[in-house]
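The chain below stands alone and is given as structure tokens, in the form predicted on its own.
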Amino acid sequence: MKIITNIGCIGAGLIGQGWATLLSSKGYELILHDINADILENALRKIRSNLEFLEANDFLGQEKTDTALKRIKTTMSLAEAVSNADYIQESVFDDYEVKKRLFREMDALAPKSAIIASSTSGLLMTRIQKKVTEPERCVLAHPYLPVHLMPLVEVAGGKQTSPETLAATFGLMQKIGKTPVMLKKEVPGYIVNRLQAALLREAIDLVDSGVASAEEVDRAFRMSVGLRSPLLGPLLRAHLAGDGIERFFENYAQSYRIRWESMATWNSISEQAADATINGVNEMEIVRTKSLEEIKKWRDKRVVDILRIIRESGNSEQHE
């Protein structure tokens, strides 16, 4: 297995900050790159805040915030960020032309043995890796926000990505405490963002159609599906609901057909639907009474509470 010691984090926005927080907290030396000095300065403040949050909630182990921060260097030079890297995690704007241009530059500057990974949330590596000379070392490693808290990382290769690159990336994600899943083939949006897209479309449509308010739609989800989501995915839920997945299809195929026939199928959000959703979300009590930063802090604290329960009850993948 490839030994990974030095890491380059390209892009110091929200996702890059999360990667830098997590990797530095796990003992990795890294260079954080951005083309803007102010963005880098702000990123270091955010990373410190993230690390202090982890430390305060006992998620840094024996580590300390200042110790982790010392592992992070910043630079506006792409060459400096990648020239000695074993692994590069790119987290810049989600646009094919931007990604292809950056990957071509990193491919020329990085050691031939370095893995170059993208945090893209829906683009395909097969298209991104076309312009590089070492496409076999290019891979997707897509995290979920907040990166330093949420366990999941989706790992996917393009058509030219080598099995060795996939295995090394998967292994690194495991080593830093992530829960990686390996996609067998590329698809836009990968797994979770496709599931989220289907759910969001129906939520927007329910509000736009006047079935329920935005607050009621969210409350209905939170107090039902959302409550058991840390335990059950949609397929295991169906297995339990039907007393076996075979019986589920036998017993519920007709009722699901009726639901699907009446559900939204549009693939672009109308102005009317957007306005209805915006108004509905802005009317939510939590949105009216708290700032975005306060809601994020509330979310992160609740995520930590759930992760602590999972950690204290043993492996989250164990079904006792």
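Sequential numbering from 1, following the sequence displayed. All of these numbers come straight from a predicted model, not from anything done at the bench.
Keep in mind that the form predicted together with a small molecule is missing from the display, and what follows is about it.
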- What stretch, of 50-58, 32-40, 264-272, 247-255, brings heavy atoms to within 4.5 Å of the small molecule in the predicted complex? 32-40
- Note on the structure: Answer key, the small molecule contact in the predicted complex at 4.5 Å (heavy atoms) among T74, S162, T126, S121: the residue is S121
- Query: Taking L14, D94 and V98 together, does each of them reach the small molecule in the predicted complex with some heavy atom inside 4.5 Å?
  - Reply: yes
- Query: Are any of the heavy atoms in H142 no more than 4.5 Å from a heavy atom of the small molecule in the predicted complex?
  - Reply: yes
- Query: According to a 4.5 angstroms non-hydrogen atom cut-off, is L102 in contact with the small molecule in the predicted complex?
  - Reply: yes
